[in-house]
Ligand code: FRU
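A single chain, nothing else alongside it, follows as C-alpha cells in the form predicted on its own.
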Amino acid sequence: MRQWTLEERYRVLKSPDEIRDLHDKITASVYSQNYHVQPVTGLSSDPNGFAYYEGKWHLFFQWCPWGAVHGLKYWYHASSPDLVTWENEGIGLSPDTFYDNKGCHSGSAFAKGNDLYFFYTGNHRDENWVRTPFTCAAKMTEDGKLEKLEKPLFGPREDYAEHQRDPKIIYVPEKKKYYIFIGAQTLDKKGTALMYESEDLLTGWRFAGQLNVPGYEDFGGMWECPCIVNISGKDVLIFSPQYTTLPGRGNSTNHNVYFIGKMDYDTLTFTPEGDYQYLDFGFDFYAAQCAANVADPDKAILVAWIGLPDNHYPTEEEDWEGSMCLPRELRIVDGKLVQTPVADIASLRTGEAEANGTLPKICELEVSFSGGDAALDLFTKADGSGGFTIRYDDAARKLTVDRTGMDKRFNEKVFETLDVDMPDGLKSISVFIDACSVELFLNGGEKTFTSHIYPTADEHNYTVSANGAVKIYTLGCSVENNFVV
C-alpha cells in the first residue's frame, strides 16, 4: 500500500493535464463502473449538495484527485435528467479561500425561489496543522458554476471538539425559520449534532443548541453527515456514527443508521419511535444524503458512498476508489423504511439473458423464493465453488452474506461476513451488479445490502437453491465518466 506524504495528499490541482494519465487508468480498468457515478480520477467519497433544480438532478461528491487517498477535498459535480443517466460537469467547489484552504468538506443544498444554494464545511488548517471548521455557503450561477459567499455563515464553537462539519439545511414553515444540523463531537468525545437557526437563509445564523435524542446521549464518538427528512408526515433522522463498534457490524467503527420519529424544534429533541436501524446492512455504505427539493411528500431520494472511511480496496493499486450507490426512493410502509432503486433504472435493461448459471458482467437479477431455507451464490467458479454467497436460514430468520470465497479479498480484519435479520422471512432479492459493486434489495426493499466486489475473469457464474426462480436482465451503460475537470 502506498504511503502518502501530507504534501502529496494536499497538493492543489492547477491543471487537468496533471491528472489526465490517472483518468486513463480508470477508463482502462476492468472495474470501471457502468451505471454508477464514480470519480474521474482518485477518490470519491461522501455525496454532497444533492438537489433537484430546474428540471435537473445535481449531485456533488467529495473528490481527491491524486489517488485513492483522503487528502485535499474538492466537490465534483455530476448531473442527470432522470437519476439514471449521468453527465460529468467538472469541479463544483475548490479549496481556494482562507476558510477552506485544506478542503471543501461535505454539505447539502437548498433551493429557494429560482436559486440553488449550497452549504459546506470549509476545512481550514494553520501552519501548525490545527483545524478550524467553518460553515460556508455558495450559490449556483446561471452558467451552472458555484459562487462562494465572501465570508462563512459562522465558525466553530469552542465548547465542542474540532469535529464540527457536514451542514444539513432545512426550512420549517411552522417556525418560519431555517435550521442547520451540524455533525459534531463533544469535548468528552461523544457523538452529537449541533443546531443553528435563522430567519434568513444567508445571514443572522445563531446557535440554537445541541440536538437531543433521548437514550442516545452516548452513541458513538462522532456523528457525521446528519440528515433529516419528512416522509408521509414522519421525520426520519439519518447519520453516520463513528469511533464505535455496533452489534452485528464486525470490527467496523463506521456506520450509517436512522430513526423514524418526531422532531420538536422548540426543544431541539428528536423522539424516536423505536431503536436505531441500519440504513444498509452491507459491507460498504456510508454518508447517505437525501436530495433537496423533492416534490412528493411521501418519498425521499437518497444516495450514499459505496465505501467506508479507513477501509481499503483493490483498485487502490490503480490509484482510484469509490462510487455512489444507485439513487434510492425511500418510503415508510407499516412503520418501516423501505428503499427501492429509482423507477427509471428499468430503462437500462437491454434484454433478458438466459438463466443458465452464467452471470453477465453488468446485470440485474430478480430472484424469488418459495419458502424455507434458500441460497444464492454469485461470482462462483464454473464448478460452483467460491463466490459471494447469500444464505438464508428460515428457522433463525437470518440471511448471511459472505465474501470470503472471492479471489480478491480485502478489509478482512473489518468484516467479510455479515448477517441480516429477516423477521418476515425471505421472499425475494433484487440484485444490481456493476463492474465493482453489488446492491441487494431484500423483499422489495425492506432491507438492503451494498458491497464492493472485484471478481476475476474466472468468477462469472452463479447458483441458486431449488426453491429459487431467477430472471436476469442485461443492463446498458449510463455513466460514461468523460474526463471533465
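In this text, residue numbers run from 1 along the sequence as written. Fair warning: this is a prediction, and the values are worked out from it, not measured in the lab.
Another form exists, predicted in complex with beta-D-fructofuranose; not displayed. Remarks below refer to it.
Undergrad: Within 4.5 Å of beta-D-fructofuranose in the model of the complex, do Asp46, His105 and Tyr286 each have at least one heavy atom?
TA: All three within 4.5 Å in the model of the complex.
Undergrad: Looking at 190-198, 332-340, 221-229, 270-278, which one sits within 4.5 Å of beta-D-fructofuranose in the model of the complex if you count heavy atoms only?
TA: Of the options given, it is 221-229.
Undergrad: Taking 4.5 Å between heavy atoms as the contact cutoff, choose which of His77, Lys168, Arg403, Arg165 touches beta-D-fructofuranose in the model of the complex.
TA: By the 4.5 Å heavy-atom cutoff, the listed residue in contact is Arg165.
Undergrad: Let me know the one among Trp320, Phe388, Phe118, Trp305 whose heavy atoms come within 4.5 Å of beta-D-fructofuranose in the model of the complex, would you?
TA: After the contact test, the surviving option is Trp305.
Undergrad: Could you tell me if Thr41 has a non-hydrogen atom within 4.5 Å of beta-D-fructofuranose in the model of the complex?
TA: No.
Undergrad: Quick one: is Thr450 in contact with beta-D-fructofuranose in the model of the complex, heavy atoms, 4.5 Å cut-off?
TA: Close contact is absent here: in the model of the complex, Thr450 is far from beta-D-fructofuranose, nothing within 4.5 Å, heavy atoms only.
Undergrad: Consider Gln62 of the chain shown here, and say whether it contacts beta-D-fructofuranose in the model of the complex, taking contact as heavy atoms within 4.5 Å.
TA: Looking in the model of the complex, residue contacts with beta-D-fructofuranose include Gln62, since a heavy atom lies within 4.5 Å.
Undergrad: Using 4.5 Å between non-hydrogen atoms, is Lys73 touching beta-D-fructofuranose in the model of the complex?
TA: Answer yes; at least one heavy atom of Lys73 falls within 4.5 Å of beta-D-fructofuranose in the model of the complex.
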